[in-house]
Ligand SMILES: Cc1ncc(COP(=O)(O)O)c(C=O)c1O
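Take a look at this one chain, the form predicted on its own, written out in structure tokens.
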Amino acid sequence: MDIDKVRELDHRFLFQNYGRQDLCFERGEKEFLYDLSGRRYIDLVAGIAVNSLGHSHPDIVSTICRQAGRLMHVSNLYLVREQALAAEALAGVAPAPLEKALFCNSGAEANEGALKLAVKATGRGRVVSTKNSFHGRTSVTLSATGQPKYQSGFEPLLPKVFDFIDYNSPEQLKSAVTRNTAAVILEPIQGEGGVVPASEEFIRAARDLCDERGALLIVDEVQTGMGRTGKWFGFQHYGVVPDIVTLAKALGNGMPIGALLSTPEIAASFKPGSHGTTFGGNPLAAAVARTVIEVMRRDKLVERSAELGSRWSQELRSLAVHGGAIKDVRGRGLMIGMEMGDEAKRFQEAALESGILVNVCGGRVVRMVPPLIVSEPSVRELNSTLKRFLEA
């Protein structure tokens, strides 16, 4: 089937709620994708920070085939061995006392569960979130998202329980967190908001204020978690430990899965029947999540993300002197944003012509969240393409 036929079927039978690029891929290997005509692309999007082990990783393929031939789904009415093993693996990389896991199907579901858990555990009714944030597309997580463009048209469904403050404003945080605040929810790096890292002062203020006023700190690690920033979790750069952490994306390397981590005391707030999911933590997804963690540990991909990401960011900053199109290079590890203003979309198009996939977020920032196994030659190819673009 050629791309014209795919396009025809897409327009005929699918909701047109995505602004899709006119590309269709047939297969992938490592950091490469191949379209229907066989052309190869360097994938620096990785399914939006999902495919951290790259495409068709042999260990992931082996796990899926083995587990699918054994058991894919039984429901949470019963004990699930693979789920218990995945939870043990997560506890092995998370700092204490984050040792309890609840699995679901996506990042939005993880954040939804985290917010329910915070309200249940505290008995309070308000949540502090940040402007320019992104936490999901369900009614509650959309309401927690500090970007009105995503909420437009859905206002009747959105609960009015969120108090928004400017990201990186400890002063506003102090005013917003009260004795009625159940939780503060924030991202260590705002991904959809333009790859904006939190300041150490802001994160530490959030932790201190939550402790002082009895609120819980929820850190949304859906995009930053699982080695993306050069540590297992983005919050580890700040020397704090949240009360609840949410994960998805890279946890399954493409297999839909989400999770929230919390302490035994807070997790105990969810009694049987208080929260649940049909598919969450099914044997297939859980087996993959465990394999992802094992491979990342074995191949030291978290450390590689820190080392390669730091070096790559420095190289990009050195290229910024050409023409002034690059206003800023920011991020951590292999979560890199180049602020280019009106040039961002033009560079995305130039990169595509050169066979490189990058993403633009916030309308002005080129975001690169490649597989953590991305090769040095692929990094050099992006740098060369960028240099040619800037010099032109």
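Bear in mind the structure is a predicted one, so any value in this text is a computation, not a measurement. Note that residue numbering follows the sequence shown and begins at 1.
Although it is not shown, the form predicted together with the ligand is what the next lines describe.
- By the 4.5 Å heavy atom rule, the three marked residues E343, E349 and T385 all fail to count as contacting the ligand in the predicted complex.
- The stretch from 227 to 235, 312 to 320, 185 to 193, 265 to 273 that comes within 4.5 Å of the ligand in the predicted complex, counting heavy atoms only, is 185 to 193.
- The partner is absent here, but in the predicted complex a heavy atom of Q223, alone among Q223, S305, N253, S129, sits within 4.5 Å of the ligand.
- Under a 4.5 angstroms non-hydrogen atom cutoff, the ligand in the predicted complex has S106 among its neighbouring residues.
- Within 4.5 Å of some heavy atom of the ligand in the predicted complex lies at least one heavy atom of G136.
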